[in-house]
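Here we start with a single chain on its own, the form predicted alone, put down as structure tokens.
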Amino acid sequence: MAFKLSEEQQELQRGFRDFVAGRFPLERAAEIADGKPDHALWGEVAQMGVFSLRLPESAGGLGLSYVDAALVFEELGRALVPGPTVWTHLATGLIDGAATGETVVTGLDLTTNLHTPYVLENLDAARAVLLLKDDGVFRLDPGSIEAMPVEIPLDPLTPVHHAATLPTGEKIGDAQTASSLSLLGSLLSSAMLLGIAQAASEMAIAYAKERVQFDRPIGSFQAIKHMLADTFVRQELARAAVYSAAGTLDHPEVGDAATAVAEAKLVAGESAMRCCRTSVQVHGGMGYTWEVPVHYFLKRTWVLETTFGTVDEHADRIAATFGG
């Protein structure tokens, strides 16, 4: 398998990076956290083809690969794009209006070891809820769920509700479809974690070049250099794992896709967490303040780590493949 991105893939990634940088600058994070998101931006995300990336061209999609999807979601994670982007992408082809963004979809992956209460993101904005279960895919009406909003969510950009129980819903897919969507959701979440790792590292490097102590930029201190070098290595390991998993989904004959995706979620999750923590540390006392936006990346990492299987669950899956 060739791991080098094609010119078209590099251009795709650059195009989305420019798009999200212009539409979702970090300065907007506080505005979105205050409950004032620009809903028109969701439509722009849809127009860029985020939700129809892998939908066949004959069905109005872009007909792109898993690798292409991973590249796009890496940029969404890097820019902290709000909303249930992964779930709406998964719902394309199953729920009308998901591909165009007209139907906002949230969901839960119940194929993993998920405990109650059930936590649903962006429930107020959603027009459909997707449930992935061992016996199939089910659609719920958000209004049929008795859920309470969490007053102060962990990630201020991701409003959540919790529910003690869930209705059965309408079955719209079989067990194989549920398994495939769970795998894809894990891959896209891993790609977003990769984007977060990169963004957090870049913030730390930029601050280390600007912050001066003892008449020298702190980035010239050996201890800081070692920390930043470690974040770079970790993000590149995550990049290799995520791209490899996406490539394996595109070409399942080269390896076990489930194991590759589990490795991607494990490595990307640990990388994002370490990069965010290092960025906070490099920022020193300022890193613990609300004004420094690195905390948004750390909190989004905590959220993504729990979706489509935790880091520990994926580690157990990898161990099981080796008889551990």
Partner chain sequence: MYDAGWAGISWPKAFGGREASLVEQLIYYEEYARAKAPYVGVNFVGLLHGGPTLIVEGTDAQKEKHIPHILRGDQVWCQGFSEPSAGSDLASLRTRAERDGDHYVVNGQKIWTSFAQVADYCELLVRTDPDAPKHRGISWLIMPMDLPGIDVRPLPTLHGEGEFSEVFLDNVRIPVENLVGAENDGWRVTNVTLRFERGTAFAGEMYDLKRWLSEIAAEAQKVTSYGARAWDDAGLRREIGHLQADIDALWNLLKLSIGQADESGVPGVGASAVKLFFTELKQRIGDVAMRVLGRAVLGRSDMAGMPVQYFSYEALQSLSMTIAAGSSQIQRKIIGERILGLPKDK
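Numbering follows the first chain given and starts at 1. No experiment lies behind these values; they were computed from the predicted model shown.
The same protein has a further form, the form predicted in complex with the partner chain, not shown here; the description that follows concerns it.
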Handout entry: Contact flag, V280 vs the partner chain in the model of the complex, heavy atom cut 4.5 Å
Key = yes
Exercise for the section: Decide whether L184 counts as a contact residue for the partner chain in the model of the complex under a heavy atom distance cut-off of 4.5 Å. Expected result: no
Exercise for the section: Using the partner position in the model of the complex, report whether E291 sits within 4.5 Å of the partner chain, counting heavy atoms only. Expected result: yes
Handout entry: P56: touches the partner chain in the model of the complex, heavy atom cutoff 4.5 angstroms
Key = no
Exercise for the section: Considering the partner chain in the model of the complex, find the one stretch among 25 to 33, 40 to 48, 292 to 300, 62 to 70 with heavy atoms no farther than 4.5 Å from it. Expected result: 292 to 300
Fill in the blank from the handout: in the model of the complex, the residue from A79, L108, A99, A128 with a non-hydrogen atom within 4.5 Å of the partner chain is L108
Problem - Single option in L166, L249, V119, I95 placed near the partner chain in the model of the complex, where near means a heavy atom within 4.5 Å - result: V119
